[in-house]
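Here you get one chain, nothing else, as structure tokens; it is the form predicted alone.
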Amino acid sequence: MSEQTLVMPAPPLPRRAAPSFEAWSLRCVFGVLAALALVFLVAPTLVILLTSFTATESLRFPPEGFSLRWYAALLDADQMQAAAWNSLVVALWTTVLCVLLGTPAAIAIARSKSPWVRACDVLFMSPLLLPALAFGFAALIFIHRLGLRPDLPLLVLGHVIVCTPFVLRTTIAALTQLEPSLLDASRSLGASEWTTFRRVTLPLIARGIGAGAFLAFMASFDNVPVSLFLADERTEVLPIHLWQQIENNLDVRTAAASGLIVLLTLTLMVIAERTAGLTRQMR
């Protein structure tokens, strides 16, 4: 008598429950809010980009014709170029100081459980919560109390205060993903604290530091409130210069400069996303 193998039928897969009305309505509300936010954020940028290619002598939307004449005119805008150079210098110094100050602070906060250290974390993040205009005005009053006048070093210092939280937050996020066993293994093999930091910790959190440095650079380059109060008459930065040009004579070159800033920002964002994983480090 031959043996017959009995094949048991696989149990049916459980059917997914249909989304409830509450879940469906919640998705609709968030979808509508996201769409509105996207429109209000992207639409002004598109208007600026289209206006920057206008062929007329004045700012008009929609433009009557398209031309690159105003982008070419930026090559002769000496005052605007000087303001852009000042903004670049301030942003570079700000980024370097933010990395040098924010990285050790992030390591100390991530490793400590003391309530005082947690209080320092809240203190360091406070520039993102306070209105930047109020901080700039308060900083101006403070330096006048000290008998000082606005200049380039004080402008960089003001930018460092408001931009360091970006490096601090992304570096802390990178440290939370760091395996403590790797540090323990390095110490158990005889490595010093400095060697462990240089060979293990720093390479693993480099992307978080890079993401914070990118955000600090962009926040400093585009900063208006702090620059408005702490820049002296010899240090005109690009955002203030563009604001004055729009307020006084509506120079079409301001639209071209703004469009160039938008394009460069998008390019840097793509590079930061490919190299440092910007969106992943901000989670």
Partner chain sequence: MSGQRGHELQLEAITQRFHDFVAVRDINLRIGAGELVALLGPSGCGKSTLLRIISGFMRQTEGRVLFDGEPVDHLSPSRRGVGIVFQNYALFPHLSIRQNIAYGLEVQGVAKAKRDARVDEMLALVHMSEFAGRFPRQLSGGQQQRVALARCLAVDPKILLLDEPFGALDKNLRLDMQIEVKRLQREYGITTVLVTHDQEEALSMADRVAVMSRGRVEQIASPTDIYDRPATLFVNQFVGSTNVLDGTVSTADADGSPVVALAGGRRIRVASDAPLTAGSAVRVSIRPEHLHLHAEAPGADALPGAVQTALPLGALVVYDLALEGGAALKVSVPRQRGEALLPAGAQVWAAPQPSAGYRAFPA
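Worth saying up front: this structure is predicted, and the values here are computed from it rather than measured. Numbering follows the first chain given and starts at 1.
Same protein, other form: the form predicted together with its partner chain, not shown, and the subject of what follows.
Enquirer: In the model of the complex, do 241, 251 and 256 all reach within 4.5 Å of its partner chain through at least one heavy atom apiece?
Expert: No.
Enquirer: What stretch, of 123 to 131, 110 to 118, 201 to 209, 167 to 175, brings heavy atoms to within 4.5 Å of its partner chain in the model of the complex?
Expert: Selected stretch: 201 to 209.
Enquirer: Quick check on this chain: which one of 138, 189, 148, 100 has a heavy atom within 4.5 Å of its partner chain in the model of the complex?
Expert: Looking at the other structure, the residue within range turns out to be 189.
Enquirer: Is residue 196 part of the interface with its partner chain in the model of the complex - any heavy atom within 4.5 Å?
Expert: It does: once its partner chain is placed as it appears in the model of the complex, residue 196 has a heavy atom within 4.5 Å of it.
Enquirer: Could you confirm whether residue 76 comes within 4.5 Å of its partner chain in the model of the complex, counting heavy atoms only?
Expert: Looking in the model of the complex, residue contacts with its partner chain do not include residue 76, since no heavy atom lies within 4.5 Å.
Enquirer: I'd like to know if residue 72 sits close to its partner chain in the model of the complex, meaning any non-hydrogen atom pair within 4.5 angstroms.
Expert: It does not: once its partner chain is placed as it appears in the model of the complex, residue 72 has no heavy atom within 4.5 Å of it.
Enquirer: Can you name the residues of 166 to 184 that have a non-hydrogen atom within 4.5 angstroms of its partner chain in the model of the complex?
Expert: Residues within 4.5 Å: 179, 181, 182, 184.
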